[in-house]
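This document opens with one chain alone, in structure tokens, the form predicted alone.
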Amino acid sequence: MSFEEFVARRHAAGELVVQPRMGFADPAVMRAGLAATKGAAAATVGTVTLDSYTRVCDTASVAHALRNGIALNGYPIVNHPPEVTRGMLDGLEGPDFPVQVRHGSARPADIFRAMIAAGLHATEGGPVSYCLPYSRTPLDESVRNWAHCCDLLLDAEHPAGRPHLETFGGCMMGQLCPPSELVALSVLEALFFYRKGVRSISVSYAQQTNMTQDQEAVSALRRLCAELLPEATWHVVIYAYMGLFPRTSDGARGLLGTAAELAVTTGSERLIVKTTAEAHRIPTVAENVAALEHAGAVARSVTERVVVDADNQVYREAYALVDAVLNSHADLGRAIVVAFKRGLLDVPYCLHPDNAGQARSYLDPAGRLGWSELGSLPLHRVVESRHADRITSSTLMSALSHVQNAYDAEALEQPMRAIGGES
């Protein structure tokens, strides 16, 4: 059973598939983490998250770390021989427990080759989302790299089923990117994969600052994918909030629970979780398992889907962005590069040299994300209203910590409980 088939069957059975971020350099520790994920009381898929050196193709530093016992923040799949990775996965990865490789690279060819050699067929990223936030790589080079990697994936034999690619565009910058641009980038990366021949795709969207607006965004994402990916099998993956996470355990669980609620009410099939350790350090395996089980429990408690106006504001803005890009050049890869050069795509607060840096966002009193400055974005006739005041360092910091403070404050307002459970 392939990655896509596993997710589809679990969704048909009424289950939300939950997934951790997890990566360890030692194959034995990585295997233990996957085994714990598989054994969690939830519908789970496994994750092998790669280290930062591998992300930037610095295999020499990985080799030095492995020789000298220096800790790495993920699994070095390129440096470990394929037989080591296959042994690490043996008896775990399979039809009842697919495993996805997560990496963050704008130059991922060696990662794709190592993944394929190890017998894995599911990964994620994209030419924009794994370039602008994480890399100094020029965008046009990243586009070429990702086109090549689609070819590598499609040319390889995959006995377990079709190869699967997930966009990361719906998670751009983690926070303060208006939902319409997250939707547009996720759709454009999915369409990039699709035009390269990939037919098993998932489209990402990261939880933002307002539940109603997030529900509108997922509705817009679904509508655009239905319009533009007619022959693909695709599903939606929600990411628990990727900005400043609550510092209290109850606040962190509350925010993760809201992400699970967002996933279920929008019919999304999969959720990437965060843990109670997110604000402080890299989580342990046990903390990841606790997050998976909490998210699964919340998902089972939500029974109704929300009804959203299909022609909502997020859809109108996302449609205008996608339409402008598609009209920039017949070749989608080139169109994306041209769109960023012209400022037709412009990610707020992104410092990459290929990003125009003229657009800005703000939070309204209800916590909805909007545009304060449009730059050259093709939204001047679409955006209903804009914030009059310029964003200052103070208002920016307030917006960055809005979700963290809201969930921590709610948690701290709950009755304190002493050991033994007395209030």
Partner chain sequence: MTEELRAYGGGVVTEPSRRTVIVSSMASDSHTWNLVYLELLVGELGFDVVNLGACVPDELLESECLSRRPAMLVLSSVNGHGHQDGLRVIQRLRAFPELRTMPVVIGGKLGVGGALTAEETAQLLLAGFDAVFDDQQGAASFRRFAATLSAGATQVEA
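Small disclaimer: the values here were computed from a predicted structure and weren't measured. Numbering follows the first chain given and starts at 1.
Not on display, but discussed next: the form predicted together with the partner chain.
The shortest heavy atom separation between Y362 and the partner chain in the model of the complex exceeds 4.5 Å.
Put simply, W371 is far from the partner chain in the model of the complex: not one heavy atom of it is within 4.5 Å. Taking the partner from the other structure, the partner chain in the model of the complex has no heavy atom within 4.5 Å of any heavy atom of V382. Proximity of A41 to the partner chain in the model of the complex falls outside the 4.5 Å heavy atom cutoff. Residue V56 is the only one of V56, A35, V29, A356 with a heavy atom lying within 4.5 Å of the partner chain in the model of the complex. Heavy atoms within 4.5 Å of the partner chain in the model of the complex map, among the stretches 81 to 89, 129 to 137, 263 to 271, 154 to 162, onto 129 to 137 alone. By the 4.5 Å heavy atom rule, the three marked residues N145, S401 and A406 all fail to count as contacting the partner chain in the model of the complex. If you take 49 to 67 and check each residue for a heavy atom within 4.5 Å of the partner chain in the model of the complex, you get S52, Y53, R55, V56, S61, H64, A65, in sequence order.
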